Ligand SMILES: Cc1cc2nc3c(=O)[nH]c(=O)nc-3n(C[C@H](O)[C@H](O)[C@H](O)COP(=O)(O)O)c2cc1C
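A single chain comes next, written as structure tokens; it is the form predicted alone.
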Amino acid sequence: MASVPKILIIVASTRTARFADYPLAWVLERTAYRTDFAFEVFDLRENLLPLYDLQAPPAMAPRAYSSDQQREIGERLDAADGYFVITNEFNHGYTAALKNLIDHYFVEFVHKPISFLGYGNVGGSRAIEQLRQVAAELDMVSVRPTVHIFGPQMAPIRIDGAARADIFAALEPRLDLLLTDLHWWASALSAARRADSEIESA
């Protein structure tokens, strides 16, 4: 029997006083009861890589890690069956730390699903649209449903516990849609990758 999909929750913001911790806590609370997933948090603030300076692009030199740190992170990415990215938006884009992480790897991401929760002035929409393009180049599947937390919602979430609960409660149906699609894609693509591996080793 196949194991449940392993999903890496990637927290993209590295700021000291970041908003990301609020949606992260909510997502962890909402997923804690689920037995059809195995979730692990990957916090970029605690896993910053040096700026990209590899001898060869990761697509041309798979798993040719240049440091123990890069290897350890690569192994965590490799072990995941899919990703749930919590991303902020600055100047209509996503964070440099997230781009730097992505650029250090390739085969670790291939044929896996990626999903998004965005926050910011327009709910992180522009950052997510850019990330969808990057995901396509990595031969990933971008899960269609997303969760958006808009600028006017952010202050109440920070300062008012009752408002925070109401806002997140209203977002639960969208999160459920995202997780349903993420589970389908993670399961289907995991099976396909196993089949490919069996053919290659035969």
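Numbers follow the displayed sequence, beginning with 1. Please read all numbers here as calculations on a predicted model, not as lab measurements.
Not pictured, yet referred to below: the form predicted together with the named molecule.
Student: Have a look at 70-78, 83-91, 105-113, 128-136 and name the one stretch with heavy atoms inside 4.5 Å of the named molecule in the predicted bound form.
Tutor: One stretch meets the cut-off, namely 83-91.
Student: What I'd like checked is whether S13, R18 and Y119 together line the named molecule in the predicted bound form, meaning each has a non-hydrogen atom within 4.5 Å of it.
Tutor: Answer is yes for this spot.
Student: With the partner left out of view, is R144 within 4.5 angstroms of the named molecule in the predicted bound form by any non-hydrogen atom?
Tutor: R144: no, not in contact with the named molecule in the predicted bound form.
Student: So, in the predicted bound form, is L48 in contact with the named molecule at a 4.5 angstroms heavy atom limit?
Tutor: No, no contact at 4.5 Å.
Student: Does M154 reach the named molecule in the predicted bound form, with heavy atoms at most 4.5 Å apart?
Tutor: Because a heavy atom of M154 falls inside 4.5 Å of the named molecule in the predicted bound form, the answer is yes.
Student: R158 versus the named molecule, in the predicted bound form: is there a non-hydrogen atom within 4.5 Å?
Tutor: R158: contacts the named molecule in the predicted bound form.
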